[in-house]
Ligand SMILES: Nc1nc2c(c(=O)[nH]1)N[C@H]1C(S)=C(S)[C@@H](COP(=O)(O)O)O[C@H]1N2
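Read the single chain below, which is given as structure tokens and is the form predicted on its own.
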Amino acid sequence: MPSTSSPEDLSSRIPPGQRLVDHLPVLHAGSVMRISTSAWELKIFGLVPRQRTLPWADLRELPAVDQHCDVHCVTGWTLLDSHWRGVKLLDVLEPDEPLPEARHVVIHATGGWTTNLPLEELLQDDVLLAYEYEGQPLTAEHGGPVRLLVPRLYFWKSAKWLSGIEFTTEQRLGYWERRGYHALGDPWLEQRYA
């Protein structure tokens, strides 16, 4: 969706070193994971009061929210005014908030991919389990049926093909972080690489 912002507004929304794109690019390493909604489930484990699995049907029973946000990729593109629909992660975790000793999370994705986040980043109000993009079900190429959406950080932190959230005491670097990407990935600080 093209941005309707004025040029002055745009400059304040584009982090350093980024260029605008007009569509959501498809980038990933390896094959596209194709998971049916009937097979999809999210495991919530580690430092939580009880380990549990959230199937697709239960996710869809939670209150859905629409979110417009800008997304920024470590490869240098920015897409303004993207529209997502999903469930706030805080609503998913509400019955079982992390234990007090939890400080970090490892995000797991189908295919063995992982990324890491400090707990305070994961628990922000704008973090979604997204299952629609621009009014359509999220395609496999874009991480469907469900991807994490963490719009404040570079887009690799918004893991495609979401399958698990593991709460930990210590930081454990994910797939790209072990290969030299920054542990946090704040686009405004240009935290691209370690």
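Quick note: we count residues from 1 along the sequence shown, nothing fancier. All values reported here derive from a predicted model rather than from experimental measurement.
The following text describes the form predicted together with the ligand, which does not appear among the structures shown.
Asks: Mark Trp156 yes when one of its heavy atoms lies within 4.5 Å of a heavy atom of the ligand in the predicted complex, and no otherwise.
Replies: Answer yes; at least one heavy atom of Trp156 falls within 4.5 Å of the ligand in the predicted complex.
Asks: Is there a heavy atom of Pro25 no more than 4.5 Å from a heavy atom of the ligand in the predicted complex?
Replies: Pro25: contacts the ligand in the predicted complex.
Asks: Although the partner isn't part of this model, could you tell me whether His142 comes within 4.5 Å of the ligand in the predicted complex, counting any heavy atom of the residue?
Replies: Flag for His142 set to yes.
Asks: Residue-level contact is defined here as any heavy atom of the residue lying within 4.5 Å of the ligand in the predicted complex; does Ala39 satisfy this criterion?
Replies: Outside the cut-off, so no.
Asks: Identify whether the ligand in the predicted complex is within 4.5 Å of every residue in the set Ala57, Leu90 and Ala130, based on non-hydrogen atoms.
Replies: Looking in the predicted complex, the three residues Ala57, Leu90 and Ala130 all stay beyond 4.5 Å of the ligand (heavy atoms).
Asks: Only one of 122-130, 46-54, 60-68, 160-168 gets a heavy atom within 4.5 Å of the ligand in the predicted complex; which is it?
Replies: Going by heavy atoms within 4.5 Å, the stretch is 160-168.
Asks: Given a 4.5 Å distance limit between heavy atoms, list every residue of 89-113 close to the ligand in the predicted complex, or none if there are none.
Replies: Result: Ala109, Trp113.
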